[in-house]
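The data below hold one chain only, encoded as structure tokens and taken in the form predicted on its own.
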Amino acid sequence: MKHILGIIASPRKLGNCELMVKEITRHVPEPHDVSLVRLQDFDIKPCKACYRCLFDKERCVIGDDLNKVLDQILNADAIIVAAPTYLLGASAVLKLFQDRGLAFSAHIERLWGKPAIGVGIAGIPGKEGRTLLDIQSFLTFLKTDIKQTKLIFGALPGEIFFNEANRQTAKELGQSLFGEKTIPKQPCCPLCGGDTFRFLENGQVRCMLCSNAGSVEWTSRGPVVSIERGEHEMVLTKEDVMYHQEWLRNMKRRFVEEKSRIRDIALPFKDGWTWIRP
């Protein structure tokens, strides 16, 4: 029996995100049960940038509900995430949770390769902005194996199923959760499968999912993107994740070594500024 966790990044009860996740689970062919979490139901505070999760028993020390949700993710066999589009991006609660992701690396063995599906919901076709990229990034930093991500359109609660084609999409997503990974169509990053790019100078492009750079060739069949591994990778392999975690731990050593230099730079900026407090 597979255990599926549905993560709803929308405050709407029985809204499009919730309905889509539930519809997807109906089409998973493997025997399974389902649990759901609505991120807005939990007290998730911003990251404090203290790095203590890298040293203190490798758990975030902030006294909120992060570990309650993380434990549910760790205990799941697969993840389905749905988020609405707010101002051309996924709802902020998704990024709020992701920003606490340094603590996730302590559980790389239980997270790595966990099957995952992501769905973005937007009210107006063409006005989804970076929503799908936000969802892909969220699942990437959870170390999951992203089987598919899709954009669905519908503004009113339930409107996504005014269009019967979206039920077929849900069926396809459900059937793919424990199946073979869908190969992204070009143009996509050959390293991570990302399909969002920033165009740089001299014909260079940067993948906005793994942040590696390369070039684009314009062919008769459309653009073909070539991306090269960088010197400091963060997400492509388990070894990359562990390397980056150790690099972060070494920041503590560097801070001690450079403490007097850091103080000398910061001191002229300390006094004489007006702060507005709550």
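Just so it is clear, the model here is predicted, and its values are computed rather than measured. Don't overthink the numbering: it's just position in the shown sequence, from 1.
Not pictured, yet referred to below: the form predicted together with a small molecule.
For the chain shown alone, Y86 is a contact residue for the small molecule in the predicted complex, at least one non-hydrogen atom being within 4.5 angstroms. Using a 4.5 Å cutoff between non-hydrogen atoms, G123 counts as a contact of the small molecule in the predicted complex. In the predicted complex, the small molecule lies farther than 4.5 Å from every heavy atom of K22.
The closest heavy atom approach of G174 to the small molecule in the predicted complex falls outside 4.5 Å. Highlighted residues G6, R26 and G118: none comes within 4.5 Å of the small molecule in the predicted complex, counting any heavy atom. Of the stretches 176-184, 150-158, 193-201, 102-110, only 150-158 has residues with a heavy atom within 4.5 Å of the small molecule in the predicted complex.
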